[in-house]
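Just one chain is shown here, as structure tokens, and it is the form predicted on its own.
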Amino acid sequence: MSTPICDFVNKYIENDTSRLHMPGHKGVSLLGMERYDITEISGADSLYEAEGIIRKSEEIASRIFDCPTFYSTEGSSHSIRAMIYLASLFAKKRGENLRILAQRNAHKTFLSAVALLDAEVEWLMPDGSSSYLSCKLSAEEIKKVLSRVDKRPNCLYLTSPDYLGNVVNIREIAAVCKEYGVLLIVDNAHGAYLKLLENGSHPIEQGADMCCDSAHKTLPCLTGGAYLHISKNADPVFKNNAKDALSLFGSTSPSYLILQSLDKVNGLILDGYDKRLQDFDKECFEVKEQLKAAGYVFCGEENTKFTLETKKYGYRGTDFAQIMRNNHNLECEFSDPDYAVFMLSPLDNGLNKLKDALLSVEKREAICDTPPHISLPKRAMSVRDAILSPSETVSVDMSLGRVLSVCTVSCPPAVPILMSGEIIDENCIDAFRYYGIRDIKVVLE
């Protein structure tokens, strides 16, 4: 059976058992899905001590991804914290403190994990990045950093694909990490679907030691469904402690609705969804080529993510998103002054609707202004010390020289412009203003 969790819940519903247990709705319909919402009753297994139907479902997912795979019902944020914890165990096993080399465009959850686990972070930012959301690094650049650092990091932390659809060469970077004895951890939240494509571009396939996927971002799963993947070649400390790591940061009441959704995705994939997705990926590529011929410029390598560089078509990203919303009833994933991001799926007719809408928009004279250049700011204290220090909220206009405390960035994209513990300079203030940030939290003086 490819969906053991769903099968169990459906049988429980059919038996019409009196629900003298949590949740308090007792299966009575208010929103429509309550009858499927159960708790850890007899036979339902327990996510962090899985020995029954959840374990069977995770084993099916492990076969699909060809590596030990564990469920999260709290998104990739949950898995990111677990990965950093596992990396800290690995470092301690070697008698070291956790030191991480990280791409600058990390999700803010990474910062919370670093603060909780008191890790050292060295940020990587290539010259000439056009957006704080993008930090495309080559294996050669990473090798140069690893060859010259005074204290070698225990692990390299990458985000790929990033929010704009940029993808780094994991295979080449993984080879460098192996050469220097450094773990490779990948935030693959936007790339769960990569395993189902023909070119084998999932981080685990390409040599990463661990990665997380948000099933809900690019697979047909409810919001919150995610995976923690561990390479079959990784040190046993990762697999052996994965459930404990997830339990440490996760709710003791994981959602059985989300667990069923993850379970159902397994069944869908085994029923041929991979072929459907492969065909759709090619279709997206062909549509992009048509749109390029019409004057559109795209960012990133993902075919199913349409990241438009809207200024080159004569519009700011936020204005373009509003045109799509108001004139064509299309809602984008994200927009800022420079980009509008649309995420596509083979499950609906969104691709054709988007193509028709884009072809109907008149091309205008290009907008030539560029986002402020953000160089690496000076650091005054560690991420942990900054986040755990008393703080106050101040206007961006009054923040020069202050130290950033908690990164209060919204989601999407949940990627900080400035990191906790760094000193706010004029470049940072220009960037805050450019992206519409008016108030920030700073360490109390």
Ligand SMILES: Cc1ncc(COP(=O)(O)O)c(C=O)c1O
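Small disclaimer: the values here were computed from a predicted structure and weren't measured. One-based numbering along the sequence shown.
What comes next is about the form predicted in complex with this ligand, which is not displayed.
Taking the partner from elsewhere, residue 250 is found to have every heavy atom lying beyond 4.5 Å of this ligand in the model of the complex. In the model of the complex, residue 80 approaches this ligand with a heavy atom inside 4.5 Å. Contact annotation: residue 307 falls outside 4.5 Å of this ligand in the model of the complex, judged by heavy atom distances. Contact check for residue 214: a non-hydrogen atom falls within 4.5 Å of this ligand in the model of the complex.
Remark: all three candidate residues (74, 107 and 163) come within 4.5 Å of this ligand in the model of the complex, counting heavy atoms only.
Across the options 258-266, 350-358, 189-197, 367-375, residues that bring heavy atoms within 4.5 Å of this ligand in the model of the complex belong to 189-197.
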